[in-house]
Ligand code: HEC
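Have a look below at one chain only, the form predicted on its own, in structure tokens format.
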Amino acid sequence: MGKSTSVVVAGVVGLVFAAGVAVAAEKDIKVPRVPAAELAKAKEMKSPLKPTPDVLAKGKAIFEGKGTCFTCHGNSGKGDGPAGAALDPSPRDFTNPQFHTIRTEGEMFWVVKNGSPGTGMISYNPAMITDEEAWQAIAYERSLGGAK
């Protein structure tokens, strides 16, 4: 293989990789996104909702609709949404069971309400979704990774 052939092959492989996979890596799931001063309180927070089929269906509707979660986290919650492709780090992958073992629902709620500094995650607008709808979306997101 000549020098120009190697460059073309490497370029094509690079294009395929960039087109098929989010380029930016997800931040380490072991590192909390809640500030240290608020972490204990966030970890103690529990959802007022049980993950019933009704709650999960409502959460999915929020995730895929007015919550606009899907735009960054993708329709299946893998962190591969169209807007997420431009973010560094990439959005959380809610299908990763380890994420739900390490991060609590209270931490997730804190991030939804307050955003996540250093990432593309912004705080939600209470005029857009309510706290109850945020909890519903979180229940749905946690179900994607098998969390109960």
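When you see a residue number, it is the position in the sequence shown, counting from 1. Because the structure is a prediction, the values reported are computed rather than measured.
Beyond what is shown, the protein has a form predicted together with heme C; the following relates to that form.
Chemist: Does at least one non-hydrogen atom of I122 fall within 4.5 angstroms of heme C in the predicted complex?
Modeler: Residue-level check for I122: yes, a contact with heme C.
Chemist: Is G67 part of the interface with heme C in the predicted complex - any heavy atom within 4.5 Å?
Modeler: Residue-level check for G67: yes, a contact with heme C.
Chemist: Considering non-hydrogen atoms and a 4.5 Å limit, does heme C approach P51 in the predicted complex?
Modeler: No, no contact at 4.5 Å.
Chemist: Even though the partner isn't displayed, in the predicted complex is S116 close enough to heme C, meaning a heavy atom within 4.5 Å?
Modeler: Yes.
Chemist: Report yes if all three of K58, G77 and L144 come within 4.5 Å of heme C in the predicted complex by some heavy atom, otherwise no.
Modeler: The answer is no: none of the three residues contacts the partner (heavy atom, 4.5 Å cut-off).
Chemist: Taking heme C as it sits in the predicted complex, which residues of 88-125 have a non-hydrogen atom within 4.5 Å of it? Please list them.
Modeler: Counting only heavy atoms within 4.5 Å of heme C in the predicted complex, the contacting residues of 88-125 are P89, S90, P91, R92, F94, F99, R103, M108, V111, V112, S116, T119, G120, M121, I122, Y124.
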